[in-house]
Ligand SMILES: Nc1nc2c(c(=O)[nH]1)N[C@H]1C(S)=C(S)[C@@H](COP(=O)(O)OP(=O)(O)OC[C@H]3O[C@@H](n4cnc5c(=O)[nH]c(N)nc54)[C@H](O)[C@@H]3O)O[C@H]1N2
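Take a look at this single chain, the form predicted on its own, given in structure tokens.
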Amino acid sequence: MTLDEAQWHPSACILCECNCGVEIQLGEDGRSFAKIRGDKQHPASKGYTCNKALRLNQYQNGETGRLTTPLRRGADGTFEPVDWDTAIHEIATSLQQIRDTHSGESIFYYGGGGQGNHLGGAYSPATMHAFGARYRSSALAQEKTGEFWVSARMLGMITRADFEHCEVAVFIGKNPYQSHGFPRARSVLKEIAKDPQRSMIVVDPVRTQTAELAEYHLQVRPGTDLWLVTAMAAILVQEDLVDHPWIEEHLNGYQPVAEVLRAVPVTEYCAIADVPEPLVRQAVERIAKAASVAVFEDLGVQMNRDSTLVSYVEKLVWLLTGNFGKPGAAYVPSGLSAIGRDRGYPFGEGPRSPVVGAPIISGLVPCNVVADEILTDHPARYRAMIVESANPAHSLAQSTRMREALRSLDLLVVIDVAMTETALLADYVLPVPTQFEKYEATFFTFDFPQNIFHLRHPVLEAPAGLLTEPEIHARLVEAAGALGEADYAPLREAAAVSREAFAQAFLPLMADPGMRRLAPVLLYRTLGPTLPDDASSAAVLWAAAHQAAMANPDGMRNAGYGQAPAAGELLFDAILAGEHGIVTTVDDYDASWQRLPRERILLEVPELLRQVAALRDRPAPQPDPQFPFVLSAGERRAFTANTIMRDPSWRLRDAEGRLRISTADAESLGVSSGDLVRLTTRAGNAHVAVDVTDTMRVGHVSLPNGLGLTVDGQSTGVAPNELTLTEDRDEWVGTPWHKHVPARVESLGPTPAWLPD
């Protein structure tokens, strides 16, 4: 059989939350990805893919320090191979000792949700319960918890927006041309730009690819987004551009919000943001006149100063204009998980971290306090850490301090594919198959009105000697004595009869809260072996499918699954069989209203509104003379991704990860593209080549994300978090200011001949 006649294997890209469907053709060696193309049968991406997906062979088969056997750190600090039974027994024994001596709450879990690598993480709650662990975090706590909390306070649910059908698309700190965030992003952006009846508004200090397509680019001065977005909301009220009938019908708290916004000095705020006031007013008028507006805020503001307040005011803009629960506007998605859900406690109430007392949003401890929770004499400090599908030694702020914290733990266990920077510090490293060697999925399922789910089947067999994450969690739970054959036997007998018999045996057990937390492993060990094609890892989705059927009966019925409980079984069977992804719900637009926990949306969040009112008395942010530049530490570019992509050969452009700097700043410093500069922040410094461009504002510089990784002892580019500080974080939810790092740039002269230009 020739290569062109070889089978195409359906899977998905794993480099952003969209997880676009792809098809992979293997090379003659049976391991390499010879060809990759978009999957036209995928119900969301429909054959679309960007340039990044086409380089996934560098993930699967690149030089990445791939792990093939469990490793244990010896007394001399080096790693030695151990068998699985030894590793599991020793880890469980250490965790039990820490639990018995200091309580299970001193065991901290991090990760479980690497891009497109969520299925294994769904089993982690069982391990946490088995050892009494309570606290956890993930990358979401670096990015989205401010928005999660604000959404919970205002609406009680998270929202997304419908860019496919909107008249006006607004992107705040978002460049979907590179970071995507919704299906077929580049195609949709081009469709909006070409349609004279539609408009695009971009709030971003950088003239990104998205901004170049936009009708309105509000090129805000870095760190002043709150002033600009507040001015936009104020114009709506002051010019009476709000939708009064819609507000009267659907919103509470308009009058106190309007009173604050009427007092906003719009001219002054536009001047602080350094955006021409007439342009701001034109953009706001376009929003007010549109039949539908979709808004997306992202890391450009969510990892920036005033991020939570920006999230609040941004929502005022689309709520004041009635852009919720209709085509082309904000909506509440269905889904198979509760990602982003929060109870929305008033600030100062709700759960807190044990040492720092930081607010826990959506069950996640803020990433920027993790080191502080460890490096202390406090009796409640974290003493053990399980890190799964994550790399906090590289991805969290102030890497030097994070590494110090990880080294000080009594036990660090890393579950991963490659020898990451975090794995290098671990006591035990447990290797797992790649995302193309096992069943996997993502719970980032936010599409509307048609939502999808994709259980990806293995494209390749995993190398011998590896265990999947569900198997690792099951063995740890069993080693802890939390579950055993006596628990499994009745369920196995029932599963051998029928799914209905299994449900009758399983559901009564869920009345016990402890058994509910152990449910993923119960399902894996009992229902799992009955699933076709060795799909045991998907067993946890059986419960998720039934919960979805009960939570979204109309959407499930519209999608053809009928009514619960039969709908749950039909959905689960469809998930197992749907190698290209399946439609899970088809919603009417009033479904968004039905999913809200209360009848009316709250505009007034008192603690946040007070700060918006007090903005008039805040001095405009000024550069620090010692650090006159603002560094954006971690920019998405054409060939950057998170640290899952470790092989540097995948980058066809900007391989060394240059520092982007404005033309005017380059002239002032006397540097040209390719010249070396010293980049200094309060956390450290680095030598990096510059890329001179007219897309950057004066005083603003940026480094790409995903560089500075160590592969085979070599490092390429600058690791951004060597230059950030944990103390630079949002006052409300603790998200980092990675996009606003005070910095100094000094010329080091032309690039040496041994460096690539």
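Everything numeric here is computed off the predicted structure, so don't read it as measured data. Start at 1 and count along the sequence shown; that's the residue number.
Keep in mind that the form predicted together with this ligand is missing from the display, and what follows is about it.
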Which of 607-615, 328-336, 663-671, 174-182 lines the interface with this ligand in the predicted complex (heavy atom within 4.5 Å): 174-182
Complete contact of 11, 164 and 451 with this ligand in the predicted complex (any heavy atom, 4.5 Å): no
Residue 139 within 4.5 Å of this ligand in the predicted complex, heavy atoms: yes
In the predicted complex, residue 223 touching this ligand (heavy atom, 4.5 Å): yes
Residue contact check: residue 587 to this ligand in the predicted complex, 4.5 Å heavy atom: no
Partner contact for residue 455 in the predicted complex: this ligand, 4.5 angstroms, heavy atom: no
This ligand: the contacting residue among 549, 88, 415, 133 in the predicted complex [heavy atom, 4.5 Å]: 415
Heavy atom within 4.5 Å of this ligand in the predicted complex - residue from 362, 680, 642, 103: 642
Those residues of 563-592 which, in the predicted complex, come within 4.5 Å of this ligand by heavy atom: none
